[in-house]
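Next comes just one chain, in structure tokens: the form predicted on its own.
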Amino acid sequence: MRTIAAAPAGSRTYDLNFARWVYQNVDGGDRLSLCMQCGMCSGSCPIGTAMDHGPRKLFMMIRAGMKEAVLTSDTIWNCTQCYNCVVRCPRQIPVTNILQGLATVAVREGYAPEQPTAKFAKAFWFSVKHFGRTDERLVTAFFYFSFGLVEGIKRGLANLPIALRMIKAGRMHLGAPHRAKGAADLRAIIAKAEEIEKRERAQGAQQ
């Protein structure tokens, strides 16, 4: 995947290549050119009024080349992934996917700090990748300590009473994490998918 070239200090606010970049590099971005600005996405969003722009306006901003305004917008972070916008879009534009892709770009390009949800996703993925299932203790520990050793200990101690109640109720076991049946097969599938993704990114960077 090609990166977005940073604009020189003091240069114009608008990057007219931004829309083309989104079309070619963000998941679902190739359908963004079909948007007819009907407003169905923003009108269907349950928290649209809490967003600074909303999907409809954000898509117009992409077309206008307002790269910095788009990647610093809170619209890409407030999406609850309810998919109302996707279901109701008359042009079948994957609005949710595009917003998620823009959020990833915003972090990678330094327009936004890594969000706590990204840290949790990494912890969740580690458990699934290695054991074929989620282990609450493992995911929680990785998530808490991703904020640092001291913060991890503080969060762990604060939630210790909850963990003890879960153990007592039989909702959390003691001992090593359980492995799902076929965990090795799942790891092989994931490894192949990562290989394909790496190859496609390399091809995209050469274009």
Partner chain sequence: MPGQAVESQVILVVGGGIAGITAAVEAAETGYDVVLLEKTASLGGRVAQLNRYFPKLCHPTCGLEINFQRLRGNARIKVFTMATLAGLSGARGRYKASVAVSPRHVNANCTACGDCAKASQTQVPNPFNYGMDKVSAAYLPHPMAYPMRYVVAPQVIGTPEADAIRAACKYGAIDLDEQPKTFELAVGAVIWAVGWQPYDAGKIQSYGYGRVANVITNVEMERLASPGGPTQGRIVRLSDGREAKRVALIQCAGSRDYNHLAYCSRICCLGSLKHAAYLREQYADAQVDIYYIDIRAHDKLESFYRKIKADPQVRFIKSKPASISAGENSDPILHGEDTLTRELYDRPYDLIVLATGMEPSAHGVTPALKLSTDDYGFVVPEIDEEAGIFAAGVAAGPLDVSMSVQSATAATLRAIRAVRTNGAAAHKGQA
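Numbering follows the first chain given and starts at 1. Since we're looking at a predicted model, the values are computed, not measured.
Beyond what is shown, the protein has a form predicted in complex with the partner chain; the following relates to that form.
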| item | value |
| --- | --- |
| Heavy atom within 4.5 Å of the partner chain in the model of the complex - the one residue of 176, 150, 36, 157 that qualifies | 36 |
| is_contact(residue 63, the partner chain) in the model of the complex, heavy atom dist at most 4.5 Å | no |
| The partner chain contact at residue 146 in the model of the complex, heavy atom, 4.5 Å | no |
| Exercise: residue 40 in contact with the partner chain in the model of the complex, heavy atom 4.5 Å | yes |
| is_contact(residue 130, the partner chain) in the model of the complex, heavy atom dist at most 4.5 Å | no |
| Residues in 41 to 65 close to the partner chain in the model of the complex, defined by a heavy atom within 4.5 Å, in order | 42, 43, 44, 48, 49, 51, 52, 53, 54, 56, 57 |
